[in-house]
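To begin, one chain is listed below as structure tokens, in the form predicted on its own.
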Amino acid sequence: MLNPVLKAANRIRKLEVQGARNVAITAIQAVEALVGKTKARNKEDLLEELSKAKHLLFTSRETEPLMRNGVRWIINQVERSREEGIMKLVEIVSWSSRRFLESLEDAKDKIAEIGARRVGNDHTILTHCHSSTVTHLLRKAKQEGRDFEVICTETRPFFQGRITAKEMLDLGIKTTLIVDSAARFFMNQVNFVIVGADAITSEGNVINKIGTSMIALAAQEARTPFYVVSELLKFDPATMYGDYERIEERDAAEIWENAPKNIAIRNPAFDVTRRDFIHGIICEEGIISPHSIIEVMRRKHPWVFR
């Protein structure tokens, strides 16, 4: 019964699905597929199935609040419904899934529209890792006729920066690929940095691909604006109540296959960029200060705090 969710969770865990948005979409589609095949006889049974699905998906990758918020919202719609019939509840899950995914697309378009205005002719922009939201923003700027260049870090150990570089080339954008450690060397040559986000904490700090905080530090030292491009629903409400956003550590073999026996290898997948290094968060509500994230979330998505 949980096959669609198990399959999605395994793909997410193995990094076959990359990027917070794509992880969220994969998880939500799996929940909808699961409920479409449900053998639950009543609302209580269905909620138990959804709870098990939630656990599988939440444990597939630690740093994915967008996915968690989406799954929570869908389950919340079922819990709050006065409907008791299974067919009606299945329709609620289907409707909630579609509505959430539509809201993601709408947010993505608004972010691109807002962020593209910051891209000028002859600008050079540095980005790290791969973010579909960042790509969408740069695509929008290109479609509006801006002529600019992008510098992509290769992003070890899985080289997601190469994905970004290929997408930029496909858009006809002049693109340069650099090793991660060359970011400071080029920092004075760029107009600003834009990166995606995997999570935003209640303090306005941002969790993103390992190396992001190092680039943010280099940007501050060079007085280069550093922007985070993110949907608001990457906010993690658990961080309001004392929890830290967990930083996933992955297999050492990703760094060095067949390494010497006695060597210790650490492979954190993400790091934390403090809000003091962030010029602004480009989101669907505009370009906001990271200090204001809770205020904006309470206005835009009050259900997150329930």
Ligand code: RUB
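For clarity, every value in this text was computed on a predicted model and none was experimentally measured. Residues carry their position along the shown sequence, with the first being 1.
From this point on, the text means the form predicted in complex with the ligand, which you will not see here.
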{"item": "In the predicted bound form, segment of 129 to 137, 172 to 180, 218 to 226, 87 to 95 with a heavy atom within 4.5 Å of the ligand", "value": "129 to 137"}
{"item": "Residue contact check: Gln160 to the ligand in the predicted bound form, 4.5 Å heavy atom", "value": "yes"}
{"item": "Contact test in the predicted bound form: Thr153 vs the ligand, heavy atoms, 4.5 Å", "value": "no"}
{"item": "Gly19, heavy atom within 4.5 angstroms of the ligand in the predicted bound form", "value": "yes"}
{"item": "Close approach of Ile294 to the ligand in the predicted bound form, 4.5 Å, heavy atom", "value": "no"}
{"item": "Residue among Val193, Ala197, Leu233, Val71 with a heavy atom within 4.5 Å of the ligand in the predicted bound form", "value": "Ala197"}
{"item": "Heavy atom within 4.5 Å of the ligand in the predicted bound form - qualifying residues of 249 to 268", "value": "none"}
